[in-house]
Structure formats: C-alpha cells, structure tokens
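Just the one chain here, the form predicted on its own, laid out as structure tokens.
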C-alpha cells in the first residue's frame, strides 16, 4: 500500500500528517519516504538513526576536445540547452542537464563520454520500527524529479509506504505522487488553500490517482473548502482543528499525537480507514 501525501501549497500541514500518521501506523510495519527533496524535514520529527548515505548522480556529457569536430549536433539535439558548441569549444552546463544521453548518441566521432554529476543524497535509517528514507538535493541543483525517482526505488513492497511529496503541482510533485495507490491532499480553509487545492485536485485527476482531502487548521477561515469538496465529490477524510497547543508541539519538533490523545484518536480513525478506502478504489 503506497500512499502519497501532497498539497497544492506549502505550509498546510503535509509533513505534520505524514510523520504523525507514520507513528500511528508504526506497529503495522510502515515506511516513510521524504520526497520533498528541496526542503526535507520529516527527520526533524521522526529523528531517525541514519545507517546509510547514498550519493545520487546523473550522467552528464564529458567532451574530448581533441576528438570533437565541432559539428554542433550535440547542441541541436539537447532540448534543455545543457550543451552548446561555440565553435572553438563545447560548453557543458551540468545543472541544466537531465542525463538523457542524446548528445552522446548523436556524436558522429564518439567525442562524448559520460561522467556522474552528484545532485544529492539519499539517507536511510530507522525511527523505532519505522523504516525511513529521505532525499536531500544539493544546493543549486534542479534535478529534483531524478532524485525523487531514486528515493522511490527504495519502496518496500511488504510494508505500508507513506510518501511525503513536495508541495505544489510541478514536476517534482507529479513524480512523487505517480504510481501511488492513494493520494491524501492536505489543505487549509483559506482562499489560498482552496485555490491551490483545486490545482492539486486537477493534477491527481489527470494522473488517475484516487484522492481524499484532509482539512487542517479548521476554524481559521471559512467553509468554502468543504463546499468545494462536496460539489466535486471529494471525500473529506479528516478535519484537524486549529489549536495553539498543536502549533507549539509541532514547533518544538515533537510528535503531536504523543501529547494530545484527541488528535491521536482522529488520526487513528484515518489510519483504520485507509486500507478499506484503497481496496474500494482499486476494485472500482
């Protein structure tokens, strides 16, 4: 069972839900994969003991100028403009390269080989009985989808997998949510929350991923998010109240359900329902 947890905008409580839900489901066998690789912070709450660090790179072109005939074919084939022939030299821009290898293929004199350009790391470890994997992208790198795919290669088929996706509706989020059994969209009852929820719903609908909505900080805004969900036939899985003590516990980097029994009961109810929800949408 692979569940992605996403949001149309940052700051809605996606990481709060992922980490607290993981603690609720810990005894069942659960894995957390932090795919918010530009700003991963699940580790701040789960505090895993990291046992393995893996470098992740993409193959970028390395041009042998002694062989190159400056035909310009490498520049022409690269849609990302990561390599360009300026006549006397071929310039390579690693941060723009997507590692597709097209330039190497079209080179008529085999002047291009490939070298690994490290874009980030994957950290693996455990937090109690929770398996933990997180991608961390290096500063100035832009290959988030590649790193996210590498993180997802560590999904264990025999446990429940919770994927903390990047916020928004761009390529990194699509990569994280793709091929998951169910997507939980976390939002808040504000105009910004509603606007970005609509974008996120459109994204998962086009991907064909079944989804439900968790409304966080209920009480700070209005009921327009609930009205939208009813009109669109979206199930509201959970409503989490806006309370100062929740924010204070979260700000300390602690797990909220370990201090607030009523919030534990709310999330336990969601955890108990998830297998049936996924079985139902799979059957349909």
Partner chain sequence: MKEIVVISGKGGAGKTSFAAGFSRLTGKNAVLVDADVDAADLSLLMDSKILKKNEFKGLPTPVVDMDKCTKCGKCVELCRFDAISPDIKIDTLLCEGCQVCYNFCPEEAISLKECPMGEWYVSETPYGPLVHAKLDPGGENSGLLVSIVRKSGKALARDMKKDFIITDGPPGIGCSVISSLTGADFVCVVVEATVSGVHDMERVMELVDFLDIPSAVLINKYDLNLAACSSLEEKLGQQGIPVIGKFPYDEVFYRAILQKKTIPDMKDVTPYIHDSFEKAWNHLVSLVSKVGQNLS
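Positions refer to the first chain, counted from 1. Here the structure is a predicted model, which means the values were calculated and not measured.
What comes next is about the form predicted in complex with the partner chain, which is not displayed.
**Student:** The partner chain isn't shown here, but in the predicted complex which of 77, 109, 118, 86 has a heavy atom within 4.5 Å of it?
**Tutor:** Here the answer is residue option 77.
**Student:** What is the one choice in 222, 259, 62, 232 with a heavy atom within 4.5 Å of the partner chain in the predicted complex?
**Tutor:** Result of the distance check: 222.
**Student:** Determine which one of 86 to 94, 156 to 164, 124 to 132, 189 to 197 lies within 4.5 Å of the partner chain in the predicted complex, judging by heavy atom distances; exactly one does.
**Tutor:** After filtering at 4.5 Å, what remains is 189 to 197.
**Student:** Does any heavy atom of residue 99 come within 4.5 Å of a heavy atom of the partner chain in the predicted complex?
**Tutor:** Yes, residue 99 is a contact residue.
**Student:** Residue 228 versus the partner chain, in the predicted complex: is there a non-hydrogen atom within 4.5 Å?
**Tutor:** Flag for residue 228 set to no.
**Student:** Would residue 9 count as a contact of the partner chain in the predicted complex, using a 4.5 angstroms cut-off between non-hydrogen atoms?
**Tutor:** Yes, residue 9 lies within 4.5 Å of the partner chain in the predicted complex.
**Student:** Using a 4.5 Å heavy atom cut-off, state whether residue 113 contacts the partner chain in the predicted complex.
**Tutor:** It does not: once the partner chain is placed as it appears in the predicted complex, residue 113 has no heavy atom within 4.5 Å of it.
**Student:** Using a 4.5 Å cut-off on heavy atoms, what residues in 105 to 144 are near the partner chain in the predicted complex?
**Tutor:** 105, 106, 114, 136, 137, 138, 139, 140, 141, 142 sit within 4.5 Å of the partner.
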